[in-house]
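Just the one chain here, laid out as structure tokens, in the form predicted alone.
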Amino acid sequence: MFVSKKLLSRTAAGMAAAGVLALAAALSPASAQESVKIGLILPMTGGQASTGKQIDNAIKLYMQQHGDTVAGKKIEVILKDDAALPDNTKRLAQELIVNDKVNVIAGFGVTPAALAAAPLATQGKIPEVVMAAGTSIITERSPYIVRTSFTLAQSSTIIADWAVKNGIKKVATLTSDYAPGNDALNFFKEHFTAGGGEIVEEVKVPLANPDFAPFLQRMKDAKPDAMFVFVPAGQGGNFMKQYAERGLDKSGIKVIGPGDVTDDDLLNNMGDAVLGTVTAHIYSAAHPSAMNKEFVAAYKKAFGSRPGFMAVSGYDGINLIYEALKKTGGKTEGDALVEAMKGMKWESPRGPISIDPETRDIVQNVYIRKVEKADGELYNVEFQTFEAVKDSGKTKK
């Protein structure tokens, strides 16, 4: 069969044009971005596994309640377990950004993990929503980091001031030996000593699998009025067990600190040794608002356990992403999303919160709480509120 050169060239040109159109369509935001992908990097195994499970559960609950579509885009969450090891975090963040083409990375159970991902967020212009890690410097490490958890400065300064005003003169400190523990110690010490208090013993314990017993003996020997304790979420149960075994609960040495040590997730299993522990923190399952009562009931129904502060941080983290997408009309460019997040305010199960437009860090109430028994269960019962607390750690840098 004879085919003219003219027809062949016309067909080739048509195919080439179709190819160009197909390529353009593939790269166009409308067709390429029918879904919004969130890379969720959490410690689902290892010592911080309770942190990962709480955040993962809370995100699932939020999406059950609010649907999986925002501004016409389907939300797809890709969960990766980094076991709180920063080398894993960095590798997983890179895979999620390069291979999975995620629009947001989120989670980050510990500070080293959040810091490991920061340069990748900057290079990829991808928002990094920190839902757990609490060291002040984190949001300074990338203009794309926004935090919905807390900072140790927010609660450690407040419990220090409370201790001074309530007749606690001598304190021994026990803190985990990594960045958040150092933040907790430094901010507590600065405020406590400025108020006339004295630090009579200071010990740092390893982050991974700590045996608290020998350190607790040093606390007991120092005969303080109270112990200031910071251990990351998930380690409070083990700490309290050893605190009771060493007889510190009978010695009159009370525990004070930020609220990680009496996390609601583990509190009920700590026994009566924990009664009377006073902490400053951002959330309690006993927070008396109607919104929180609904949140706790829904979480318990879905997962059979009580939500802790990590759960509410994850719940607020996914809410922040949803609301930012609404503000951008579904646009997923990193700069637009971060800009939408700055200054955002909403009512959370923990109370009113906002994102500081200057620092991209959370502003929230901090509550003084005491562990009490109610209906046969242990709760952190709030008795004093400090409103709209910013991270004081940044103002000192």
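The first residue of the shown sequence is 1; numbering continues from there. Owing to the predicted nature of the structure, the values given are computational and were not obtained by experimental measurement.
One more form of this protein should be noted, the form predicted in complex with a small molecule, which is absent from this view; the next part is about it.
- Comparing 184-192, 248-256, 271-279, 144-152 against the small molecule in the model of the complex, the single stretch with non-hydrogen atoms within 4.5 angstroms of it is 144-152.
- Taking the partner from the other structure, the small molecule in the model of the complex has a heavy atom within 4.5 Å of a heavy atom of residue 180.
- By the criterion of a heavy atom within 4.5 Å, residue 236 is excluded from the residues contacting the small molecule in the model of the complex.
- Not displayed here, the small molecule is approached by residue 111 to within 4.5 Å at the level of heavy atoms in the model of the complex.
- Taking the partner from elsewhere, residue 232 is found to have a heavy atom lying within 4.5 Å of the small molecule in the model of the complex.
- Contact with the small molecule in the model of the complex, defined as a heavy atom within 4.5 Å, holds for exactly one of 313, 135, 262, 103, namely 135.
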